[in-house]
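Below, in structure tokens: the form predicted alone, a single chain.
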């Protein structure tokens, strides 16, 4: 079920940019770099020199964390860049399409629009907790469907795509499409990553990020994980020196044992706070529904979303409003215990207690 032949022909033939050779303990007069270091440069690697075109040690560390081979992983500037790269690799403008569920992460459609690729949508129902029926999803595909994006846990609804449904989708679609599973929030779900399926399914691609569970959103570091042939094409399309030296070094720090242990403790606290907060919010009479969530956020339906947004804004507590089919809903990110208590105070004001 190889999917590399689904890529645009010109991308299959594309050769990666060849950067100037980098060799330690040499005089570098081959890359047009500055020969001095700035007084503001306090990093382990001097900033007057270009970083590696692809950060080798960081790739090794991330591959070890995620449980895959280095050849199966490319480091990207967040999962947003990974989405952009995959659409550019696989979709010809005006010819190919990608399939998403709805509602889901809006950047899939955004980058498809940038590329000029058609977006097909499978609309899920709130009455069915936004679940995806695989057979109905597949009916939305045609011969030009190159990518199927599955966000699990899904943003903004928080629901997981069951493992048995993923296996069904991978089997039934086969080599006709790449199935991209966006696992930006998987650490909060208490479930194993789909990465363990890579050796069995060559039509599977997975996205991971350090933004959520490791608290490194500002570093903009994600990963696209898949067949080595696909990773090679992603690397050929990605800009050279995409990861800046300060980013590489701070993420290397995040991979240390003490940092990972700290992140695990916070992850447990966020999950606990998610349950505490949802239980408390369900007691307010104007909260109609809170959908089960496996992420660090949850979606709730309320009587008057505009009043809630106005009150929370006045209280300097920011929530996310989407409008459209979710015009009576808001998404709440789980904060610290104190921050969540502030949100509960806002709800108490709205209830008039």
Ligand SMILES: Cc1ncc(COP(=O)(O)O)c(C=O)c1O
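Numbering follows the first chain given and starts at 1. These figures come from a predicted structure and were not determined experimentally.
What comes next is about the form predicted in complex with the ligand, which is not displayed.
Novice: Within 4.5 Å, heavy atoms only, which of 74, 203, 209, 157 is in contact with the ligand in the predicted complex?
Specialist: Exactly one residue meets the criterion: 209.
Novice: Of 177, 238, 101, 79, which one comes within 4.5 Å of the ligand in the predicted complex, counting heavy atoms only?
Specialist: Of the candidates 177, 238, 101, 79, 79 is the one lying within 4.5 Å of the ligand in the predicted complex.
Novice: Residues in which of 131 to 139, 117 to 125, 102 to 110, 258 to 266 have heavy atoms within 4.5 Å of the ligand in the predicted complex?
Specialist: That would be stretch 102 to 110.
Novice: Does the 4.5 Å heavy atom contact test between residue 184 and the ligand in the predicted complex come out positive?
Specialist: Residue 184: yes, in contact with the ligand in the predicted complex.
Novice: Answer with yes or no whether residue 220 is in contact with the ligand in the predicted complex, where contact means some heavy atom within 4.5 Å.
Specialist: Yes.
Novice: Check whether residue 87 has any heavy atom within 4.5 Å of a heavy atom of the ligand in the predicted complex, and answer yes or no.
Specialist: Output for residue 87 is no: heavy atoms all beyond 4.5 Å of the ligand.
Novice: Closest heavy atom of residue 230 to the ligand in the predicted complex, within 4.5 Å or not?
Specialist: No, no contact at 4.5 Å.
Novice: Listed by sequence position, which residues of 115 to 152 have a non-hydrogen atom within 4.5 angstroms of the ligand in the predicted complex?
Specialist: Going through 115 to 152 in order - heavy atoms within 4.5 Å of the ligand in the predicted complex - there is one hit, 151.
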